[in-house]
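Below sits a lone chain in structure tokens, taken as the form predicted on its own.
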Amino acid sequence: MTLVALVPLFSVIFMLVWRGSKQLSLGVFTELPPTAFEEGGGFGNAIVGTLAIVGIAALISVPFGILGAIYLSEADSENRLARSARFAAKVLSGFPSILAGVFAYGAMVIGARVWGWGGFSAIAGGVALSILMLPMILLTAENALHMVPRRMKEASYGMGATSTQTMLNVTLPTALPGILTGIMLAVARAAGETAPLLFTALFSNYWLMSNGKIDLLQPTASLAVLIYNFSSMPFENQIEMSWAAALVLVLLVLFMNLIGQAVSRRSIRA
């Protein structure tokens, strides 16, 4: 049954490698997307845009998720605020991604124009993805904190450590592998989301640069949206480019997961 369950996974990977590797070259990572009847081209700007948007989402969701998990793990079982927050996180974990995009569109694209900087941008896309990442990070981090043996905390208290010292020096380092696993899962989900980015970051055929500086307040390309756009085009070059972009996206997520596992193993040995 395990082998049967692995068949769909390896079928997808085989199809991506077979179709996507045909277009892989140095130009794919350094050039801009091709136009309708143009041959060649690449999606280097989409790779940079994906990293920027997911990075913004992680900067927002990871600190709040871990801090929220610390509060939930230390709160009393009868704490109404903790129970409400945990229930809200569980509901939000099944939140349709397109609704997160609509919310970010109203708040960051339209609403933020009141402050003079609204519009489609990498920041708006990062906010939309952070809404999807936050509950996953919070719940997995809370579970990882609960898995820390009670005797380790009691030993720390017995040596005179405060609650804050115990959390920073004992609980968090011990729970780090589980927390990193939740973060990597959240990043993997965010990197493949398309609907929220259609409402917030939109797309761009240009680099994420303006006057030699990175400009996060402009429409931003991403691999997920590029795959969505190119796969529906009637041009063979764009279709093949979408397969290559899908392969790169899978490899990018795999690479980030391998980094997370390496850090987790190192922290366990330490």
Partner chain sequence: MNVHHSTNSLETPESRGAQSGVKPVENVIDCDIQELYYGTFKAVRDTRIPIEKNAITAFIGPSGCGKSTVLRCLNRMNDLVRGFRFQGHVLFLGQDIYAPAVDPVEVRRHIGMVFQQPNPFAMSIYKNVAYGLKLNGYKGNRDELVEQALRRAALWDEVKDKLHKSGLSLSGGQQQRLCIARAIATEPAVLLMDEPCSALDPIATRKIEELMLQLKERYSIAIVTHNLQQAGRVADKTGFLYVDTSQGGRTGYLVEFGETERIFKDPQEAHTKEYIRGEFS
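The shown structure was predicted, so the numbers you read here are calculated from the model rather than taken from an experiment. Positions refer to the first chain, counted from 1.
Below, we refer to the form predicted together with its partner chain, which is not included among the displayed structures.
Margin query: I need to confirm a contact call. Of 107, 98, 155, 81, which residue comes within 4.5 Å of its partner chain in the model of the complex, counting heavy atoms only?
Written below: The residue from 107, 98, 155, 81 that makes the contact is 155.
Item checked: Position in contact with its partner chain when the complex is considered in the model of the complex, options 89, 145, 170, 191, heavy atoms within 4.5 Å -> Here the answer is residue option 170.
Check: Using 4.5 Å between non-hydrogen atoms, is residue 161 touching its partner chain in the model of the complex?
Finding: Residue 161: contacts its partner chain in the model of the complex.
Check: Does its partner chain get within 4.5 angstroms of any non-hydrogen atom of residue 93 in the model of the complex?
Finding: Residue 93: no, not in contact with its partner chain in the model of the complex.
Note to self: Can you work out whether residue 73 and its partner chain are in contact in the model of the complex, taking contact to mean some heavy atom pair no more than 4.5 Å apart?
What the structure shows: Close contact is absent here: in the model of the complex, residue 73 is far from its partner chain, nothing within 4.5 Å, heavy atoms only.
Checklist line | Contact flag, residue 181 vs its partner chain in the model of the complex, heavy atom cut 4.5 Å | finding: Contact with its partner chain, no.
Item checked: Options 81-89, 118-126, 145-153, 195-203; stretch whose heavy atom lies within 4.5 Å of its partner chain in the model of the complex -> Only one stretch qualifies here: 145-153.
Checklist line | in the model of the complex: members of 164-184 within 4.5 Å of its partner chain, any heavy atom | finding: In sequence order, 165, 166, 169, 170, 174 come within 4.5 Å of the partner.
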